[in-house]
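In structure tokens, one chain follows: the form predicted on its own.
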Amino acid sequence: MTSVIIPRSEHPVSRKHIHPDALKVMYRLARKGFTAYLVGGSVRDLILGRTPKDFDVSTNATPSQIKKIFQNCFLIGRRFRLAHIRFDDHIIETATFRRCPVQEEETDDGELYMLRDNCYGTPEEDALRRDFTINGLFYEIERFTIIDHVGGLSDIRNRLIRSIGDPNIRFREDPVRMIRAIRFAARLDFHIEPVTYNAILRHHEEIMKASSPRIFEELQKLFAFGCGEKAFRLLYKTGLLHDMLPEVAEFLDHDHGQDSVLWDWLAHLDERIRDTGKAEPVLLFAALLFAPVRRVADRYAAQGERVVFAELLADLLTPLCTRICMPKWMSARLIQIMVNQTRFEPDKRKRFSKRGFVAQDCFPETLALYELGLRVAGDDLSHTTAWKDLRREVESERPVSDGFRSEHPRPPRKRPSRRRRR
């Protein structure tokens, strides 16, 4: 594909919308005689009039050369070194131009084998190794132009997610790209172009070869910006949900598919995220899993079996959380806030301290899940008022030194193991 240079008069990107620290990095590299571009999602978002979350830079300077130029530079990574240039609490990730592997071979079992990976390359080669055309654009600060080696600008205008290169190969190289295609389509309200979409349908089972921690991270990102419902609908349609979360997919299969109550849960969750600007990790999975778990509990009840809801939750969710590599502190908190939902149901046979209940540090998430359930059912939200008032009352009486927090805690740090004395 022929590279295209778009002059300043034909694109909307302005330096005033680029983070000053990113400009500092690019200008200093340029003064030292290196080429440096703003790359990836930041260029895409600036073209769309959005505020980028991160500003990444690519350059022909090697990591060691970058480190010599910036005293505030820290190199990370083993397979391929990246430079993190720190400005107070902000980091500009700076990478050396890379190229795709020189050769690709397919083994007898159908696996792709990379003979040479993570090699330095030219700007054109760096663009070609990226995942989608909309992420392959460069912005250069000398003439304020956008450089398009992959047809990304056209796809942005046509609102398309298109793989760079053959998606049948690219998705087998890195199956997580399939989830990323869905995330970008949902977040940007784009369509996945037919060849790329059909490749996902063909290779969705490849996602099982990706590492569980990466899948868990990508699942959380699907909820960002309040686009979880659309993202999970696409996961369900493409078969990826059946591979990653078969319990949820099976629930949808038996709950009217595209008309399932689960979509109401995710729609109201999206609305909450857009209103608050926060995607609380534990609440995300609680909203995703509560309806399927509740269905299992109701089925046992219909059969006349007495099941302790807390034990049922532990039996159903512990294997799932372990499989997707959810941290133990998070899975325990997830189960707790789902168990807590039974506290909102009046039961004269059970007595408990309401003040002790609302004093739990997970109560905000517990109440948020309860409120989502009320919205899904179309019930009166005034049921939450008394609980909120009691929470504020208890919170005002508790001294700060007691460590009382309304936000969920950070995961506990592991203590370093002590060496045994000989």
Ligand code: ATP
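The structure presented is a predicted model; accordingly, all values stated were derived computationally and were not measured. Residues carry their position along the shown sequence, with the first being 1.
The same protein has a further form, the form predicted in complex with the ligand, not shown here; the description that follows concerns it.
Out of the listed residues 184, 285, 171, 265, 184 is the one that sits within 4.5 Å of the ligand in the predicted complex by at least one heavy atom. Contact annotation: of the candidates 214, 99, 323, 272, the single residue with a non-hydrogen atom within 4.5 angstroms of the ligand in the predicted complex is 214. Exactly one of the stretches 326-334, 310-318, 126-134, 190-198 approaches the ligand in the predicted complex with heavy atoms within 4.5 Å, and it is 126-134.
Although the partner is absent here, residue 31 sits far enough away that none of its heavy atoms falls within 4.5 Å of the ligand in the predicted complex.
Proximity of residue 177 to the ligand in the predicted complex: non-hydrogen atoms within 4.5 Å are present. In the predicted complex, none of the heavy atoms of residue 373 sits within 4.5 Å of a heavy atom of the ligand. Contact check for residue 44: a heavy atom falls within 4.5 Å of the ligand in the predicted complex.
In the predicted complex, the ligand lies within 4.5 angstroms of at least one heavy atom of each of the following residues of 36-70: 40, 41, 44, 45, 53, 54, 56, in sequence order.
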